[in-house]
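For reference, the chain that follows is the form predicted on its own, supplied as structure tokens.
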Amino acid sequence: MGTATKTRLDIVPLTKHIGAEIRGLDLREKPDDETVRAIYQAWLDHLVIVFPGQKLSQEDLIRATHYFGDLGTLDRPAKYHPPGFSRMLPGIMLISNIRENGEPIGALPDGEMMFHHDMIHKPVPSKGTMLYSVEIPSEGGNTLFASGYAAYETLDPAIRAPLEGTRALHHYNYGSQQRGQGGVEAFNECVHPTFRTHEETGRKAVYVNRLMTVKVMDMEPAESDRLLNALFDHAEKPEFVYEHVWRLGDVLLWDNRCSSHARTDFPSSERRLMMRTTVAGTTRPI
């Protein structure tokens, strides 16, 4: 494919606070530098961007990921691949409930997931995540995205004040046992600011989530639980959320620094297959 020179992008906001669809762009073609900069700015402005109707190879997906930064490394490479995906390029993870010989071919196979930030349990979390739909169920498996900016900016001072300047512990259990190590649990955990300042926009965002945040450091457990639960409830309010109903060929990119996401349940009898890449983080959260 050649180089696309379309610099006037059709950017359609999806909600007041988060999400925009970028139409008329074929990611198999390499946009010119001006277009890449405009796409990047749309990502900063809208936190989540959607490219509908794509038909990408693995190479296309990786090239598109690089428009936003360095390709992130996988924390757990897939061991099994479905027909047509026997050769997975480094940096691509399968998100799928498809099973071969009784084992899932990808990560995060089944059911719903509570709101979370990708890789918040690592010292330098992912900057962004890109997800490409290859097979989707007839219903469910929607992804919800919540604006951490909107949550912070509308937060009751009675909740915000005692949490300003604090740090929170995030723990993620991979839900499996490390093989060959006597059944030791596989997990990571890390401490980050409760409110994160985005290094590019300078805006503050809520940076805790219901799935992984365990406690506020140096705070009494009862007070930590009270404030965190109130913060989770506020951050997940529908007015701050965009719910994406997947279509075949959708490519989504979200900013992990200022948004959290969740997944709805879907029929376990139906196949769901996504290809996932990440944009490597560049700095510890501040």
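Counting begins at 1, following the sequence as shown. Note that the coordinates shown come from a computational prediction; the quantities given were computed from them, not determined experimentally.
Only in words, not in the display: the form predicted together with N-oxalylglycine (OGA), which the text now covers.
Taking a heavy atom within 4.5 Å as contact, would all three of H46, D255 and A280 count as contacting N-oxalylglycine (OGA) in the model of the complex? No: none of H46, D255 and A280 comes within 4.5 Å of N-oxalylglycine (OGA) in the model of the complex.
Decide whether T166 counts as a contact residue for N-oxalylglycine (OGA) in the model of the complex under a heavy atom distance cut-off of 4.5 Å. Judged by the heavy-atom cut-off of 4.5 Å, T166 is well away from N-oxalylglycine (OGA) in the model of the complex.
Hey, in the model of the complex, does I136 get a heavy atom within 4.5 angstroms of N-oxalylglycine (OGA)? Flag for I136 set to no.
Is H17 a contact residue for N-oxalylglycine (OGA) in the model of the complex, using a 4.5 Å heavy atom cut-off? No - in the model of the complex, heavy atoms of H17 and N-oxalylglycine (OGA) never come within 4.5 Å of each other.
Tell me, yes or no, whether I95 is in contact with N-oxalylglycine (OGA) in the model of the complex, where a contact means a heavy atom of each within 4.5 Å. Result yes; I95 sits at the interface with N-oxalylglycine (OGA) in the model of the complex.
Consider the chain as shown here, without its partner, and state which of R160, K204, H116, K215 has a heavy atom within 4.5 Å of N-oxalylglycine (OGA) in the model of the complex. Answer to the contact question: H116.
Please name which of the stretches 106-114, 196-204, 120-128, 152-160 has residues with heavy atoms lying within 4.5 Å of N-oxalylglycine (OGA) in the model of the complex. Looking at the other structure, the answer is 106-114.
Members of 253-274 lying within 4.5 angstroms of N-oxalylglycine (OGA), judged by heavy atom, in the model of the complex: In sequence order, W254, H261, R263, R272 come within 4.5 Å of the partner.
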